[in-house]
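One chain comes next, on its own, written out as structure tokens in the form predicted alone.
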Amino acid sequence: MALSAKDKATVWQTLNDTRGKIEPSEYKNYVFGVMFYKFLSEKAQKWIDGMLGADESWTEVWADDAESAASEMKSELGYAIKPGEMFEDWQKAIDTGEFNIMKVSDSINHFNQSIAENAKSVFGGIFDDMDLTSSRLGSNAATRTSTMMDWINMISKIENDDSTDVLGDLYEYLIGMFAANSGAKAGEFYTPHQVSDIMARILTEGRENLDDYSLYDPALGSGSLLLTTASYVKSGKVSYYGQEVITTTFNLARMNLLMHGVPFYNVHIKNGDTLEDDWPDGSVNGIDSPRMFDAVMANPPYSLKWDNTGREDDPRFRAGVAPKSKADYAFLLHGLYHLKQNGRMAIVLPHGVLFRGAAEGKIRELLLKERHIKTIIGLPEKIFTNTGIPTIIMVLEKNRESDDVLFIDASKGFEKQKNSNKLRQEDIDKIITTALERQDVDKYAHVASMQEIIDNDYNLNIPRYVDTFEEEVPVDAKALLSDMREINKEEAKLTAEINQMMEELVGTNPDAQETLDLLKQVLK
């Protein structure tokens, strides 16, 4: 059974109670590491249960031929865990008073040594952000052991089962909570599910039953965009590709994908700089050989500074080189370059890409002339954890027959929360329906012809195309004057009553009487 909202909130509260002096941005590395090891252990145990005979034990099989036992598990799972080093063994050691933090350290070291060759890019170094010697866990081994025991005890209470994705669901929930509580910069890794859902449904509409579907996110973050998009693919194999420059976030994404049941051999993600190095594939032996995808999705860091020196010959930036102060169009062009001829792309960007001039204006003009830009959706402000600025989703295709552009102004459809705004399901559904039907909706959406766009000098600022101005209701002058007369009458009546009461007051000494006389003059 999936965890309820109350259960998730309880886990979050417990995590905060056991966090101590560790900042949320660092604390998540330990919590997710323990959760992930539990996931790997349960997956390994399930494989063992299916492989062993009735009278066999994993300990005996390992003792008989450790190399063969490890090899069999690695060929199926991509890794091996030796007897006595499962997550449940950690818990048993706690229950019997034999636990020491070195047990966790040894288990992880042995895990790192037991990764299959073809799974090293998926599992290699995945626990490196768990520094078990850090003084933040405690000043000595005993206090660090105690801290680790608290976390293991808490994670032990989460029961997984085959019918639901409990750990994966909780992991996704906690990613959002850590993003919301880790400060603006630390929250960059997370795209709210509401935004992911809009992008995923647009990308997969009519293509849910493809036999072989490839997804690519060049600014991977937590991997939630890939997972949400894949959730709408109903059949066939899905391949997950992505690149992330921040190592900690790269580890976060790997865990997220695997804990949602993605087989390790379908995970193809890299820790690297997307703009610096074209990946996947790119130039092979001096020949440009880019890998193409059915869908490309991204929520890159906004207006990032980058080194644009010598990029003129990079085939990704054929439409132009983005300015060094703003890499928004560099991410867009990289994604579009890796899109199949019949693929779709959706990218979150700041509004500035719609109207900024110079190099960005020339790139935008070329993209329009080549019919790549299909839809622009203006989102409300304050819906991301790392910024309060309003953003857009731009939808692109490589081969469109039409050159029109659909503009949707969804900036006013949201639910206001304490420090942020949230898209409601009705807001999401309205955006999706409008994007797919591609028809004008009064005060909300407009399909602009290329001539309209040319008349606006290729400026795509949404208010130029969607008029959301609401006329104010005419003032009833007679009713207003009548109200003013009644107010004046009431004011005169109340003033007279106050003055009468003031005349009846007498000061108890000369100073008080003088103050009272001054007050009477003011009120007259």
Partner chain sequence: MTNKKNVPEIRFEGFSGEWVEKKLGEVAKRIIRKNKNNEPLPPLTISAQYGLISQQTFFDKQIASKDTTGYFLIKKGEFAYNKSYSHGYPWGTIKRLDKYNKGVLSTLYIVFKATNISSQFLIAYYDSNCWYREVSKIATEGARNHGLLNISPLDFFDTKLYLSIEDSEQAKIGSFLSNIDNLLTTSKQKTEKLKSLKKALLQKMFPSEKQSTPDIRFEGFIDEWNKYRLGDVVNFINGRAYKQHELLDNGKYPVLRVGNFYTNEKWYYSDLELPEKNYADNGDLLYTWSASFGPHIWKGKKVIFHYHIWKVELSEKLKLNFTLQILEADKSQLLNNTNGSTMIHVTKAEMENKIISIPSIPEQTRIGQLFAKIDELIAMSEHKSQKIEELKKALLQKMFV
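None of these values were measured; they are calculated from a predicted model. Positions refer to the first chain, counted from 1. Under this definition, the rigid core comprises the largest set of C-alpha atoms superposing within 1.5 Å between the forms.
What comes next is about the form predicted in complex with its partner chain, which is not displayed.
- Between 65-73, 34-42, 48-56, 479-487, the stretch whose residues reach within 4.5 angstroms of its partner chain in the predicted bound form through a non-hydrogen atom is 479-487.
- Within this chain, A5 is remote from the site of its partner chain in the predicted bound form, having no heavy atom within 4.5 Å.
- Proximity of Y232 to its partner chain in the predicted bound form: non-hydrogen atoms within 4.5 Å are absent; the residue sits far from the partner.
- Among residues of the shown chain, R316 is not one whose heavy atoms approach its partner chain to within 4.5 Å in the predicted bound form.
- Residue contact check for T508: one or more of its heavy atoms lie within 4.5 Å of its partner chain in the predicted bound form.
- Taking its partner chain as it sits in the predicted bound form, the stretch 488-516 comes within 4.5 angstroms of it through a non-hydrogen atom at N488, E490, E491, L494, T495, E497, I498, M501, M502, E504, L505, V506, G507, T508, N509, A512, T515, L516.
- In this overlay on the rigid core, S482 has a C-alpha that sits 2 Å or more away from its partner position between the shown form and the other one.
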